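There is one chain below, alone, in structure tokens, taken in the form predicted on its own.
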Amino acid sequence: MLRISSLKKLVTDSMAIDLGTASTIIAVKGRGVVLDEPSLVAINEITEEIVAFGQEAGDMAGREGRDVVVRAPLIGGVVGDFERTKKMLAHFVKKARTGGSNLSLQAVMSMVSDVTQVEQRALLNAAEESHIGKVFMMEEGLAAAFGAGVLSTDKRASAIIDIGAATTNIAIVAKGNVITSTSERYGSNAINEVLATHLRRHRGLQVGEETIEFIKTTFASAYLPDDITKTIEVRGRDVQTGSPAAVEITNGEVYPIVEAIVRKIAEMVRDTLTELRPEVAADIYDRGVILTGGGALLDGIDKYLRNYINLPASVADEPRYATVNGLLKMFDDPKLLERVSRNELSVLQNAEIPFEA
């Protein structure tokens, strides 16, 4: 039997896990963010073995070897492929641990507000199989609020818009509780899809995901650019000949494509804000909304939202890390963690995972 002192060496500090469709971010109490990698696995199609995880798999995407395919095991913020999600999470948790320890004392994970019991059970199972002692789960919107600096003791309401790759969560929180929340399985990945479709249909160029992501993060804007003639060269494959090719696209060409997606998110925000109780509405009128998540980094999205809903809109510091930082704060207040975590175990134990077999 292990002595307590030697057991302590095996136990890592408490872990916060933001398992997202695009990225998995893990933070450890006392160490901050220790892992930030794409939620991807590379699979050998012949043997079905996973040959790479995370960043290593991401580096292969679009340039895979003959028998290798890169897949995202999470779809719309929930588990799409249970076995591969489990293996990917176990790999990330092991990587995030200090000094080769095998156990984590506890972890808190985020989940979308409209998660079903089956989806929640799948997330919980994946975490438990990563050798984590106790797993707490809490709503993404509330975690993002805490990470963006909203205090659990604040009685006035705050509005958080968390824009992920495949989900957008709107949470209105006060006194450490979610008053109301809306979640759509729709996020900034939609911009990638419409940009790729536009280039293929109208410019005859097929481009890879890496190229599209680069256009979105460095060239696209949610707000009408001052100079709509600014150009960027995009390289890819000619749709008709199959040969390597390049086209020039302008800011003015990209803007309406991006704006159509951002408008959908803005409409969702507006609709949520029209259903608030008077006191809550008064608080939001004073405070405006806070943007978190990777989608908050889209150039001009705060300005666009400000104009659309006629309220102040600000981007949180390090918006991609708001959720994981909020989860991490829970370990400083165990009572709050117990109160906000959604681990209805009796319910969860009855939720069968159809894809576990």
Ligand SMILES: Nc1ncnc2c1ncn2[C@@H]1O[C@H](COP(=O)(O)OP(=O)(O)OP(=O)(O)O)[C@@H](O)[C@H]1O
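For every residue, the number given is its place in the sequence shown, counted from 1. Predicted model only: the values in this text are computed from it and were never measured.
One more form of this protein should be noted, the form predicted together with the named molecule, which is absent from this view; the next part is about it.
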| item | value |
| --- | --- |
| Interface segment, criterion being heavy atoms within 4.5 Å of the named molecule in the predicted bound form, picked from 49-57, 286-294, 302-310, 327-335 | 286-294 |
| Sole residue of Thr231, Thr217, Gln117, Asn177 within 4.5 Å of the named molecule in the predicted bound form, by heavy atom | Thr217 |
| Contact test in the predicted bound form: Val340 vs the named molecule, heavy atoms, 4.5 Å | no |
| Residue contact check: Asn189 to the named molecule in the predicted bound form, 4.5 Å heavy atom | yes |
| Thr167 within 4.5 Å of the named molecule in the predicted bound form, heavy atoms | yes |
| Interface membership of Glu213, the named molecule in the predicted bound form, 4.5 Å heavy atom rule | yes |
| Within 33-49, the residues that have a heavy atom no more than 4.5 Å from the named molecule in the predicted bound form | none |
